[in-house]
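In structure tokens, one chain follows: the form predicted alone.
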């Protein structure tokens, strides 16, 4: 359907719509929880709080839940009062709400939005882990698989990708982010949006870039907290992934919870209209985050929810997610002369245009449980998830103990090794953790013939020490030890900020005791954020450390592939690991200072921790080794209207096949504004046989060497630049070049 045809159909439709029906299109609802006992109000948030505070037992909490049921708001759907739905994960119930919307007077189809962050039923690694593969093709595989499963289940709108650049490991939602670098995040954004829009037989899908904007810069790494940054920082660090998504044609942008420089994003006209629409050219619709409209009252920016609804809509926030403030107040605001109906008309029109663009009026969703069962969590999809997951595992340390070969008795220790929910990880609402392969299961299934895999819990994520003695005794008689430590599923994610980045409970205590046993061992980390694990890195008794993140459905099989050497790890960190939480936010592309950190006292550093990070951005080892040589710039003269072309040779100097992620950084030595010490500009993943050498060539335009000045004007200045190409942001070859 052409743009003109879409506009004509929307015109015809809106002529028939009442004001209430237009408001319905910009009202996003979720199921209501109601108590089956008369006179008892369902208040799950309060019940959870009471349980967490020890005021009621988990059994009592479950008893209360048993008295509740979901109200799918079928009457409201049939009345045309709901245009978008969210937070419904049951296929049969999704079919009910879709059918109810079709009974409305104008039979306008429903937008069914779901947080498909890491796959739909087949769960892939967390976004932070996915980014560590440095391979956009893997993001396309994730999207293609997730899209296929979601569409067959009735979902037509994905509330992702999440594009918040995040530089503070204390922030729980760093697990959902692509990491700390705006360039890498931009590449990921482009690939994911394009794949959501690709028609691979299942049709394209509406997708959402979130959270706009600078949510990853929350003060102190504390979720929902205020963000105070310069506009220059906004433009250089936090906007690039969103620009890439907009340029790729993203359909929807989600406004963020927090206030940005004093104005909540959901009611910030300069952000949502002047910047996003007028400057960046966004053509789709804006949806709030959950209940963000009503939270304007809590922010103190509006006196009541009616004012919050008016402010948000006028700012350019088209759809209200689950505040119900648009539904409750917009009609009266129009009737009282406080709001022009045309504003509602414009927002509703944006939603309807997307419904027509994606053919929702012409598609009849048919609920087919048998078809769903054949597609979701299929063997094909699980194989893809396994292939992807093993490419996100980062080898942080290896003293010639991995891969594991010719070990007859392998002992696995740690509750996380057999915790399906933890290995599935956060933001996997649509998955089934019961289908996740644990590390214990994966090692048992994939161990070489004759190898015995045994398991003892030994230690947990929290404070229990009761299993220490048994585990340490069994460790003495093992040939190899795999200790699994880290975080449970909900220790990272939304509302999961942490002030302490060490391993929680008695985990460090146990691992240090284990380190004293003279048996080869590897520690596997299951976590959603960079942790302060200096005690493991420096301890000679810990032979290897693998960062295995939360890998999703195929966790155990992917870990086994790497541990037993079926796959040589190639992933590299996309977030800096600080020595201590007190160094956060710590990131590689920090600005120059007048007194860079050094041994002299009066330099920029903390006195009680090393200046260098524990592990730098871009870091990751392999079972083989790589040598970089002969870095050269190929362009004889680089001018403002030309390109920088350069190359480097990379050789596999080890004795096994391996993949290397070659990274290119630049630094503007003298500029009109203080510049970062390094900036990632290109990367390339190459595969090399033992002894093989490849020339890696890179090209970037001179325009990409510019920056935003204090007035947010993009400028490119001639001068001298540093060029670095190497295996991470700290190591590699260096030379200078001139931009004339």
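Residue numbers count along the first chain shown, from 1. This one's a predicted model, so the numbers in the text were calculated from it and none came from an experiment.
We do not show the form predicted together with ligand BGC, though everything after this point is about it.
A heavy atom within 4.5 Å of ligand BGC in the predicted complex is found for exactly one of 307, 191, 580, 494: 494. For the options 398, 273, 87, 446, the residue carrying a heavy atom within 4.5 angstroms of ligand BGC in the predicted complex is 87. The shortest heavy atom separation between residue 115 and ligand BGC in the predicted complex is within 4.5 Å. A residue is said to contact a partner when one of its heavy atoms sits within 4.5 Å of a partner heavy atom; residue 289 meets this definition for ligand BGC in the predicted complex. In the predicted complex, residue 529 stays away from ligand BGC, with no heavy atom inside 4.5 Å.
In the predicted complex, no heavy atom of residue 258 sits within 4.5 Å of ligand BGC. Three-residue candidate spot 159, 173 and 211; every residue lies within 4.5 angstroms of ligand BGC in the predicted complex by at least one non-hydrogen atom. Partner contacts here mean any heavy atom within 4.5 Å of ligand BGC in the predicted complex, and among 656-664, 341-349, 553-561, 203-211 they occur only in 203-211.
Counting a residue when any of its non-hydrogen atoms is within 4.5 Å of ligand BGC in the predicted complex, the one hit in 308-324 is 321.
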